[in-house]
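A single chain, nothing else alongside it, follows as structure tokens in the form predicted alone.
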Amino acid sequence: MALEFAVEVFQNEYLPEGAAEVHAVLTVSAAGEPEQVAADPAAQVLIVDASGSMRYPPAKLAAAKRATRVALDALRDGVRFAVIAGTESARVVYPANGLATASTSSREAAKRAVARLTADGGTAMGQWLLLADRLLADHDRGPRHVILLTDGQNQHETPEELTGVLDRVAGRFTGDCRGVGTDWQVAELRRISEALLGTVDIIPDPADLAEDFRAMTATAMEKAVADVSLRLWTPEGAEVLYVKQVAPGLLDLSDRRADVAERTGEYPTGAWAGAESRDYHVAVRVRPAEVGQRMLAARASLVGPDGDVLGQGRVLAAWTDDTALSTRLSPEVAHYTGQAELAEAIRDGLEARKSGDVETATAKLGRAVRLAHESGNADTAKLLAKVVEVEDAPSGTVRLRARVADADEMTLDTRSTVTKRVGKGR
């Protein structure tokens, strides 16, 4: 195994008499030297929207081609790759068959093929993903990653058709989505990125595409181990309420559970690189015990693609009548609960604003401002200030701005799930 994993558990294990919910934050860290990375070769598919809207303005398609060339340059030698053009269908731009192997000559050939790319037709992102899945199907070892770029909405397939595709490809590869301009739907791309355990972001200016593609590809090239799962065992009578990634971004994994044994389920975490750390919020309902009793509420294990256990941690519960112990908040759990509330307040506020409900929008976005201030999430606070006029951040007193640029509103929406990491003394 190229990486070494560690699992740390942060919680207040003490519960008052009769309490049944146990909460913990699991910090999972991977470490490995750069030369150890890529024990198995990676595979990368670049999907470029080639629909008719990419012609307007002409600089948009030119920027997408330039970004794709930059991404190709960021591929390591030996990585398998392909480029797809997406319209109401999907076609492979390069290579002619299957996946190419990255080398100086293959990268240059791919760039020449991308240079000939033209834009015409509609948009059916599910078809793009299905083609990527077919290309990656024979790559059963090593990280598999997709970058999807679009400038529009998924007009040529129904939401139900897209759902069917996402159900089919989830867990088969990871993927990051980018929307260029402001004519695409945040919720639509977020659905795709969440299914692929990836990220979504807006690139308002096509000129910024190249650097973003370079960064995404470089990050993908750092991945060393694919298909790592978080395995949770719970005692008889216990129930996992939810499992959520809470850093570096919010991602609910609860519905992705796969039962592997009695009282044991696994949740996908995707591919990992060296020097990478993520936090997960786990909530378990147990049978309350008597005051003075202790129990193992859950055993958390990181499991590799071959089923080997990479790291373990224990979630505990102890019942007490000492209120000083039972009312003590875990800083980690409290912090990420607040970050989840912040994201929800932003989404609810933006939705209310779109529907013309000024009172609700003001209340929700005001709460978001207060939560961002309390948690020290300066990045989100700056984005909020472009949508509301902040009169007093500590109290969440705000006024809606009369005019808000579409790009500013969409940036706040897409980045609402990016969290501020809690400090744990590291």
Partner chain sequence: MNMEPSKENCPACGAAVSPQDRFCEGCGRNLRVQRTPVGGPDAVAEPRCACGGDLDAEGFCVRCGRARPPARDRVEFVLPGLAGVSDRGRRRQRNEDSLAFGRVRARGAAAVVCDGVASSERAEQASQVAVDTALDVLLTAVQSGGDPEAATADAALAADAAVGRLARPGAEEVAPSCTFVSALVTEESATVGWVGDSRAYLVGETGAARLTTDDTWAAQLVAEGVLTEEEALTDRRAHVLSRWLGADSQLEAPQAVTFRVETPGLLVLCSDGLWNYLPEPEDLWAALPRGVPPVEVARELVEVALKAGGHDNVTVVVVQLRGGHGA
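Residue numbers count along the first chain shown, from 1. What you see is a predicted model; the values in this text were computed from it and never measured.
From this point on, the text means the form predicted in complex with the partner chain, which you will not see here.
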ask   = Taking the partner chain in the predicted bound form as the reference, which of 190, 299, 214, 172 has a non-hydrogen atom within 4.5 Å?
value = 299
ask   = Just one of 316, 117, 130, 210 has a heavy atom within 4.5 Å of the partner chain in the predicted bound form. Which one?
value = 316
ask   = Is the partner chain close enough to 17, 235 and 292 in the predicted bound form that each of the three has a heavy atom within 4.5 Å of it?
value = yes
message = So, residue 183 and the partner chain: in the predicted bound form, are they within 4.5 Å at any heavy atom pair?
response = no
ask   = Going by a heavy atom distance of 4.5 Å, is residue 320 a contact of the partner chain in the predicted bound form?
value = yes
request  = May I ask you to state whether residue 168 is within 4.5 Å of the partner chain in the predicted bound form, using heavy atom distances?
outcome  = no
message = Is it the case that residue 263, even though its partner is missing from this view, gets within 4.5 Å of the partner chain in the predicted bound form, heavy atoms only?
response = yes
request  = Could you tell me which of 75 to 83, 320 to 328, 136 to 144, 175 to 183 sits within 4.5 Å of the partner chain in the predicted bound form, going by non-hydrogen atoms?
outcome  = 320 to 328
